[in-house]
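Just the one chain here, laid out as structure tokens, in the form predicted on its own.
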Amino acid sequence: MKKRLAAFITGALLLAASGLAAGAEGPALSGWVRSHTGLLLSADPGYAVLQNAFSLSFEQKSDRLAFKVNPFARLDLDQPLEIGLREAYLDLYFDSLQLRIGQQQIIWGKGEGVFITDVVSPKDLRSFILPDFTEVRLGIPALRADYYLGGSTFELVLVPLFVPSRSPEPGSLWYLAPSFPVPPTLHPAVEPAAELENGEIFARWSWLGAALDFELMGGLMWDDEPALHLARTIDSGTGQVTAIDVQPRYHRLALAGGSFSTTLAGAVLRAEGAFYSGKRLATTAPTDADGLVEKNYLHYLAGLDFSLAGLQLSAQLVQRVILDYEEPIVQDRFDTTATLRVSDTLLRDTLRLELFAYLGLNDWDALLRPKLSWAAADGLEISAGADLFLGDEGTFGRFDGNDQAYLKAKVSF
């Protein structure tokens, strides 16, 4: 199935190239080369990041056809060279309809630094959430149809093959081994078979007005995070667990949600939310044979973007609520996070100062990301910053030993 899909995409791009050859605009070639060095600030210093990356984008358009190919290459410390396609798709234009076929990234929602309705593209979380989000989102093979009617856009996305998110591997700074009373036997994740009935489907209606824009969406998808199914061996005499087999499996999720933004007294008010059905959650109850319970949950945020004393500010309050909660569930019923971004530009907009912060209100942990970016010359950007983790527990506090400072140089063309 995957080979047939790859052959289809290749054939579509060749068809697009032949259709664009006559009378089309000249091809547009752009890209960037980046060097990224990060040093740990712990008592045992070393390289947190040592990476060289390259991205190339080739695009061509005509009145009715367009295509884009975006290959990339990345070489990380102690890792083999990685070469891939971030996007490779064909666009077909009709009077009120646009079709996009192929490998593509799909971005939905109004949130900044969080994923609520932005769930169509899986994520590359091998470096936690530190890379730019254009690189965190993975391209997926999909058919996307956009139908335009006045100020409304009706969008349908069909994903024929499941693509999971990428997680940190053992040995990585960001890998967290599951905690069990005895050392577990961890089996490879069981992914859905590469069959069309295991595809995903998403739909969205968005409307753009002068004072308000909003979107409503829904989908039937696979959870990008596998649930850890447990098989326990219990000693009949002591009742103690003597062995645990862990089998990661992916499960279906259904969701419905939406978002909106509007202006309010010179500020921009944003909100986003979704209802998820069918999430498997870890539990400590011995009566749950596989260590999981199935629950529904809500995930939502409210945000405000505004200016103050020449500074650009953005604040968000994000919360997840597990419905029909039971005490043995490992996660908290309410999980609340706040974010804050403060930025300013100097020297005729060539120097940018920014601080982006996550604050976990459950465990009082945080991630602080100060950054300075300098447009040193045409196409050359040099940036320096830090990723500082605070706390002992929680999403960010568990990485307290991974504080780092970094320097990047990026040449765009």
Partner chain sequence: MKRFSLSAAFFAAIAVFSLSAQEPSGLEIMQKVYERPTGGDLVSDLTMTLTNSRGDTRERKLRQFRKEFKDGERKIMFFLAPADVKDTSFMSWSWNAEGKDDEQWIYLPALKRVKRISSDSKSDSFMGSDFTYDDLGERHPSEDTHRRIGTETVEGETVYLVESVPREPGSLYSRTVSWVVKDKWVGLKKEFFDPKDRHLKTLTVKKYDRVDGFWVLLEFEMENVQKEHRTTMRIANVAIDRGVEDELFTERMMMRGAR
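Positions refer to the first chain, counted from 1. Small disclaimer: the values here were computed from a predicted structure and weren't measured.
From this point on, the text means the form predicted in complex with the partner chain, which you will not see here.
Residue in contact with the partner chain in the predicted bound form (any heavy atom within 4.5 Å), chosen from L81, V182, A193, I107: I107.
Among D76, D213, D245, D332, the residue placing a heavy atom within 4.5 Å of the partner chain in the predicted bound form is D213.
With a 4.5 Å cutoff on heavy atoms, R137 counts as touching the partner chain in the predicted bound form.
Using a 4.5 Å cutoff between non-hydrogen atoms, Y148 counts as a contact of the partner chain in the predicted bound form. Using a 4.5 Å cutoff between non-hydrogen atoms, Q319 does not count as a contact of the partner chain in the predicted bound form. Put simply, G379 is close to the partner chain in the predicted bound form: some heavy atom of it is within 4.5 Å. Picking from 384-392, 58-66, 361-369, 40-48 the stretch near the partner chain in the predicted bound form, with a 4.5 Å limit on heavy atoms, gives 58-66. No residues of 222-241 lie near the partner chain in the predicted bound form, the criterion being any heavy atom within 4.5 Å.
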